[in-house]
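Only one chain comes next, encoded as structure tokens, the form predicted alone.
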């Protein structure tokens, strides 16, 4: 007997083969408490990673080029859900990154943070700094499944604003809600030579290549995590407006600079969420060194 597949059956099979996989369900996860930190040599490395993460300006002095700590963007020492926690990132690598168009391991992802968010040098993959941060992130991820989507990873997605975000509206939100901590000019606040509240623009902040230089990323972070001590008080519109305002300020040059602002925007910033190469208040963003 000959076997055959009807045209309808074949079409159905092709359709199934090309159908998008069902969305992955988020897996609940909680990192271990600090009281469970291991001892001996590995525990010492984990502790060093925690110190680098919390106090980057002290423990990575000479490597970073600004005054930001890792914990300024990854709150509660990288533990807080919805604030790009390290336990949500570590099990997700290796992974392809469109930013550098290659598969990255977790150490390479950390290197990117030093290059862009910290506006600094890039530590070697076998450096004490990278290994300690990997050890700390690995420990925070104790028990987490690899390759799964963990609930609370990254920043929560944010709806499109009811109205287009504007600089003027964002400036008003900033003055009323953000300047008390981050300063009228976004310069941050410091005590005993250490960062208390981070600079949001200027020489002490992240450079144009950092993820927080995306209005979308900044709006998601702000809406989920700010203002400090009053989370949930900003509307979706206000989060987008203030992100637009913050990302419309001068900051250190993108280290991928190709020799011109226009060329750098065309190659790395050609999207609606980047203000690099745009003119605001008569000033070309990205033109300052």
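Quick caveat: nothing in here was measured; it's all calculated off a predicted structure. Residue numbers count along the first chain shown, from 1.
Heads up, the form predicted together with ligand HEC isn't pictured, but that's what we're talking about next.
**Student:** May I ask whether 202, 269 and 288 each come within 4.5 Å of ligand HEC in the model of the complex, counting any non-hydrogen atom?
**Tutor:** Zero of three within 4.5 Å in the model of the complex.
**Student:** Would you mind picking the one in 104, 166, 149, 72 that has a heavy atom within 4.5 Å of ligand HEC in the model of the complex?
**Tutor:** Flagged contact: 72.
**Student:** By the heavy atom within 4.5 Å rule, which residue out of 89, 158, 144, 81 makes contact with ligand HEC in the model of the complex?
**Tutor:** If I apply the 4.5 Å criterion carefully, the residue I get is 89.
**Student:** Do residue 121 and ligand HEC come within 4.5 Å of each other in the model of the complex, heavy atoms counted?
**Tutor:** Taking the distances in the model of the complex, the answer for residue 121 is no, it never comes within 4.5 Å of ligand HEC.
**Student:** Given that ligand HEC is not shown alongside this chain, does residue 246 nevertheless sit within 4.5 Å of it in the model of the complex, heavy atom to heavy atom?
**Tutor:** Answer yes; at least one heavy atom of residue 246 falls within 4.5 Å of ligand HEC in the model of the complex.
**Student:** Using 4.5 Å between non-hydrogen atoms, is residue 226 touching ligand HEC in the model of the complex?
**Tutor:** Because a heavy atom of residue 226 falls inside 4.5 Å of ligand HEC in the model of the complex, the answer is yes.
**Student:** Hey, in the model of the complex, does residue 110 get a heavy atom within 4.5 angstroms of ligand HEC?
**Tutor:** Judged by the heavy-atom cut-off of 4.5 Å, residue 110 is in contact with ligand HEC in the model of the complex.
**Student:** What residues, if any, in 111-133 have a non-hydrogen atom within 4.5 angstroms of ligand HEC in the model of the complex?
**Tutor:** In sequence order, 113, 114, 117, 118, 133 come within 4.5 Å of the partner.
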